[in-house]
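Given next, in structure tokens, is a single chain: the form predicted on its own.
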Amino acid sequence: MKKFIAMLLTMALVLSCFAMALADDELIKVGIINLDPAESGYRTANVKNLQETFTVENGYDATFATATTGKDQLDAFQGFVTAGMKYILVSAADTTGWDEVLENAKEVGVKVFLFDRMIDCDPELYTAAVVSDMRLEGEKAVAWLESLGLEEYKILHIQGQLGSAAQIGRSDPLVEKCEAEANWTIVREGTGGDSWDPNEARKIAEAAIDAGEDFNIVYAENDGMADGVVAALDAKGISHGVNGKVIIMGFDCNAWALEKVLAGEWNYDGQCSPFQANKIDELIKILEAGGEIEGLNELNQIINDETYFAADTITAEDVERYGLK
């Protein structure tokens, strides 16, 4: 009897392992390439959103790769192709250099989704892009600045990761406006680097102040770098925000940054939604069911609907609803 029970237990164990193997085979293999979650509040929220969506419980066998440079991302991408991923998701550090690996993926049937950032390639090389319109973010910011009707626009321009879609989109409208208008001037321009570093932004501001360069606008391409500049202004006793000497502008809408806009310490914050995972999950499930993705534009994009918040119109409800925690 004991031998019979032992045999039944052994068979149950074997069947259980077999069932688990079958279950693993049914999971959708996804490789996700993202930037460092410590880069910003935006990126932290973005990574968390992806991790909470692409789970075993939701039908995925997901592998996450953190890569902050174009080269490291390309290596991770090719590794995912070699590993037999069915889908690869990418938030690109650089807009260029992707053609070869995307062509390799397409040849072996791997479907690619871009999220957060666009890349410069033939749209046929990726399945869809769920992204923000970074240029529109920049255009809205410049239009808001223009609406102030200042006699002179003397701008300290703090850029993000050079060559990224976010940096290009937020920079170009400002640069174009300064080239077109005599009273718009970029006094000093610098970058927070690949990590959009607030400390690097602070150094740029300190160098401008120490050199006696007069500016009345800080156009910082994310909240963290705007905060770094504000720290430099505070250390030098330079007023900012509503009724201050210097207008402060950031992007991403972290809750703490919107609180500063609400308090009048900052003047403007442009929204950039980090929540693309649910939409990509929906699109993958459509493909897995044999359907086709509809509603894409000519660049195979689905664009996030975004706004901005200014000190004279923001409410506490806006902070609660839109602020990234």
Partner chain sequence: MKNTLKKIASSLNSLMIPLVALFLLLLFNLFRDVSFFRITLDDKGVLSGNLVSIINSASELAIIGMGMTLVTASCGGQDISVGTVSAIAGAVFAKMLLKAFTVITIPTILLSVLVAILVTILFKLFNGVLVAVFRIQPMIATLILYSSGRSIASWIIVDATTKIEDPLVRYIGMTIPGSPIPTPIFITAIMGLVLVLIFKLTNLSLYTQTVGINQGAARLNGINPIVVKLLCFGVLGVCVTLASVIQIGRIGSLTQNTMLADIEMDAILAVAIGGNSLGGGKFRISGTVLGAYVIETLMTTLRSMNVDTSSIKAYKALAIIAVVVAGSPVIKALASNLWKKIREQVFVGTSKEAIR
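As the structure is a prediction and not an experimental result, all values here were calculated from the model. Residue numbers count along the first chain shown, from 1.
Heads up, the form predicted together with the partner chain isn't pictured, but that's what we're talking about next.
Non-hydrogen atom within 4.5 Å of the partner chain in the predicted complex for each of Asp120, Asp133 and Gly270: Result no, not one residue of the spot touches the partner chain.
The single option of Asp36, Glu288, Glu52, Glu282 touching the partner chain in the predicted complex, heavy atom within 4.5 Å: Contact with the partner chain in the predicted complex is made by Asp36 alone.
In the predicted complex, the residue from Leu150, Val108, Leu162, Ala143 that sits within 4.5 Å of the partner chain by heavy atoms: The residue from Leu150, Val108, Leu162, Ala143 that makes the contact is Leu162.
Residue contact check: Pro198 to the partner chain in the predicted complex, 4.5 Å heavy atom: Flag for Pro198 set to yes.
Gly228, heavy atom within 4.5 angstroms of the partner chain in the predicted complex: Although the partner chain is absent here, Gly228 would touch it in the predicted complex, with heavy atoms inside 4.5 Å.
Residue contact check: Glu189 to the partner chain in the predicted complex, 4.5 Å heavy atom: It does: once the partner chain is placed as it appears in the predicted complex, Glu189 has a heavy atom within 4.5 Å of it.
is_contact(Ala211, the partner chain) in the predicted complex, heavy atom dist at most 4.5 Å: Yes, Ala211 is a contact residue.
Which of 202 to 210, 172 to 180, 112 to 120, 88 to 96 lines the interface with the partner chain in the predicted complex (heavy atom within 4.5 Å): Of the options, only 202 to 210 has residues within 4.5 Å of the partner.
Heavy atom within 4.5 Å of the partner chain in the predicted complex - qualifying residues of 253 to 280: Contacting residues: Trp256, Lys260.
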